[in-house]
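Here you'll find one protein chain in two forms, each presented separately as structure tokens under the names structure 1 and structure 2.
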Structure 1
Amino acid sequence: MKLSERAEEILEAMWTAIEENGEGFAAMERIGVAADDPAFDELTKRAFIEIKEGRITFRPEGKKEGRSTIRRHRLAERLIMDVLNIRGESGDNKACQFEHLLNEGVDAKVCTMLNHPDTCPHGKAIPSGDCCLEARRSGDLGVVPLTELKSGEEGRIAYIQTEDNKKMQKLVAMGVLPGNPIHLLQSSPSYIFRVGYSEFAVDAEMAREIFISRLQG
């Protein structure tokens, strides 16, 4: 059964206090939820938390739940702020509403789309999920801009992301087509890469718009 939104917020606050700030417990009065809120009951009943004299601690099941709750929250922040480009307070608010939708596998999809981010926009760690572990295990390093490749590294062009249609045409005409293997030869002072039997030089701005899926290894 799905937890209530309030219950999820309690778990998040606990995670921050206990797992990240290293406190032994979360103080009831600092959690931001009224003590008589039914959410506490809900969590206790499901054996997620224990409350003793205003001190809340995780039970094993609850810790797992807290971890995935905080993960959803921070993924939501990434999505709202990075992709939808909603910033500031309104971004925070939207992320808070959005996180509750990221369950039942949606979080894994979002995580993969965001290329398994390590941190939230505020710089806090996002606990890795199964999808991240799987990606790490299979050596799928995800899709990165050409600028992230080391010189000598090879990959496959994943997509080109540019606002400028002419530039897209030029790149495409030069053979920078999704699916083509690409070999980065040098990254300074300009980016030099090889596609097929031709070599091209582009500057950093242009290289940033060519996205590469790295080969395993």
Structure 2
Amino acid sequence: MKLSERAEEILEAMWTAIEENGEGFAAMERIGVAADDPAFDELTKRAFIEIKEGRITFRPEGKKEGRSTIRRHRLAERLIMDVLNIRGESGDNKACQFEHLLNEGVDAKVCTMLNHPDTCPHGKAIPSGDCCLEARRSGDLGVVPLTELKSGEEGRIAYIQTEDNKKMQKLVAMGVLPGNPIHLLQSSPSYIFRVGYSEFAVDAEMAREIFISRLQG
């Protein structure tokens, strides 16, 4: 049975507090949870957490669940802030809402699209998933900037990462849209690529803002 959103938030707060303390427990008042919180009762009934002298700690299965929960949250932050370019308090709020949609399997797809990031936008570690371990074993780089492709290599556009609206408009006008195939024709002195039946040239700075998912050979 899926945990409530409030229960997931408690697990995230516990993980962060324990991570920052470098200890295996956290003070209940620090994570903003009271013993009569229904979500707290939900977690204790599932044997995910336990209290020792007013401090809260993970049980083995709870630690596993907490790890998955914080991973989804930090991946959501990367997606919202890096790809959708929504930052500040609004970005944090959107990430908190979106993380609950990253059910098992969806988080792996997002992680792969983001090229298996190690940290969230705030510099905190993102726990590795099975997709990250498999990518390291296979040498699959996942999603990479256009600058990482070799001349003649093809891929599919994953996303554009730029804060410059004029650049974004220019790339969209070229047909540089997520899901479209792209073929790199030349990488020097400028990057020339084909999208659809048209060819375009961009400088290295703009090429680094176009992220590509390599096609399987």
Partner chain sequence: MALFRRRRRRRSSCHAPFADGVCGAKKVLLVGNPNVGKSVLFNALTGAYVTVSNYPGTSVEVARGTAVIAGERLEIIDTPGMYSLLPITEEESVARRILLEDSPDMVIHVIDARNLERMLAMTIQLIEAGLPVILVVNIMDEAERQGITIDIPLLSTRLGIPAVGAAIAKKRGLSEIREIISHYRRPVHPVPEYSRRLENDIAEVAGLFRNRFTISPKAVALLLLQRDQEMTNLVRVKEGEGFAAVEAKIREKVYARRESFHLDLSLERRKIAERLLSGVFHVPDKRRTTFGEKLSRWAVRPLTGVPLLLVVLYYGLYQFVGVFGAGTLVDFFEGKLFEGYFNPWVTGIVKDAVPWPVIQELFVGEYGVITLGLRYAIGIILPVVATFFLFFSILEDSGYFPRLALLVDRLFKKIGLTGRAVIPMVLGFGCDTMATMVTRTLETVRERIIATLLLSLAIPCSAQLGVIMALLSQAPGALLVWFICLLLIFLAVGVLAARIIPGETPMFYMELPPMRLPQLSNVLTKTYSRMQWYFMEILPLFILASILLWIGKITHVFEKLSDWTAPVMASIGLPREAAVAFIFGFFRRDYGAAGLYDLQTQGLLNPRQLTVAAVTLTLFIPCIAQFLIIKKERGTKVAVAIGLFVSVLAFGSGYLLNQFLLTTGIL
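Only the largest set of C-alpha atoms that superpose within 1.5 Å between the two forms is called the rigid core. Keep in mind that this is a model prediction, so the values were computed, not measured. FYI, numbering is relative to structure 1, first residue = 1.
The chain as displayed in structure 2 is taken from the form predicted on its own. For Glu65, the Cα coordinates differ by under 2 angstroms between structures 1 and 2 after the core has been superposed.
For Ala47, the Cα coordinates differ by under 2 angstroms between structures 1 and 2 after the core has been superposed. Relative to the superposed core, Glu12 shifts its CA atom by less than 2 Å between structures 1 and 2.
Core fit done between structures 1 and 2; CA of Glu148 shifted by 6.3 Å. For Ala35, the displacement of the CA atom between structures 1 and 2, after superposition on the rigid core, amounts to 3.6 Å.
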